[in-house]
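Just the one chain here, laid out as structure tokens, in the form predicted on its own.
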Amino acid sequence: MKIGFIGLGIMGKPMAKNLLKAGYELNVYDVNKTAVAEVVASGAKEASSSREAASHVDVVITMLPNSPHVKEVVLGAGGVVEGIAAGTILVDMSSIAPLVSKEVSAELEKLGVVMLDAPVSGGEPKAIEGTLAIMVGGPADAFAKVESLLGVLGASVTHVGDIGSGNMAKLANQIMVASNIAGMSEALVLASKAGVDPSVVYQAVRAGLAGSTVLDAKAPMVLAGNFKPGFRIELHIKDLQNALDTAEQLEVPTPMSTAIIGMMRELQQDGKGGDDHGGLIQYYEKVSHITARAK
């Protein structure tokens, strides 16, 4: 199977490399030529544009920052629509607004192209490991054709429903992750302020009901003061804004997400938007005038 892969950022680059390791043939494109060169060195072929990357392939995968980027790369001048052939499947693995997935899918359908929205969760570490959680929306028959391909990238690949439902599941995921990180941050800063070692508190609660994948992934990092991004605060802001926009359209209250995105935006204004989203603890540390670190 030949794949056109567009978007070689913090997530896309290791994903493309894993597909190459699994024996897939890749045509890759990104505006970052350093990233392209690295993936080409691993065995991919370089395309000169999104249009060229989408030409003469069986599947096109896009992994881009946000809704406007997907619309531009797929539907814009020199984009996927100018090169893709009828019968090709486009798998958009970006995390974008569900309504945009539906809009792009409708345009591709006019060309005889089926689209799946397949956002991922797990951050850079799981992208490197090939153990992402992948949530897929779109026709079941198209999903069946690419399920084994997606299995190279993820430990969990779930068909959620119609087009847009993959991104709806991702928005739900991002609300839960943000809430987990905020709760962890609040608790560890509270413990520190009370004079209790936050690393001991983490060990005490992790085997109980408060234990979670988020806690085990983020607590050791923040307790060490390590905010190297696996998933950046600025990207989580983007996802939460998509969630808030969708919730507004559906008339669903979002008090937690609204509060957390406010904290993240304050950190972004402080120049910390590029930090890992576990760096949300820095908001609590700032307002509490204490640093929660392992003693």
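Just so we're clear, the structure is a prediction, and the values are computed from it rather than from any experiment. Numbers follow the displayed sequence, beginning with 1.
We do not show the form predicted in complex with a small molecule, though everything after this point is about it.
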query: Contact test in the predicted complex: Met11 vs the small molecule, heavy atoms, 4.5 Å; finding: yes
query: Contact label in the predicted complex: Gly7 to the small molecule, heavy atom within 4.5 Å; finding: yes
query: Contact flag, Val39 vs the small molecule in the predicted complex, heavy atom cut 4.5 Å; finding: no
query: Phe231, heavy atom within 4.5 angstroms of the small molecule in the predicted complex; finding: yes
query: Contact assignment for the small molecule in the predicted complex, among Leu64, Leu26, Ile237, Val59, heavy atom within 4.5 Å; finding: Leu64
query: The small molecule: the contacting residue among Asp162, Glu72, Glu147, Glu186 in the predicted complex [heavy atom, 4.5 Å]; finding: Glu72
query: Listed range touching the small molecule, judged in the predicted complex by heavy atoms within 4.5 Å, from 263-271, 31-39, 244-252, 51-59; finding: 31-39
query: Triplet Ser105, Gly138 and Ala142 all within 4.5 Å of the small molecule in the predicted complex via a heavy atom; finding: no
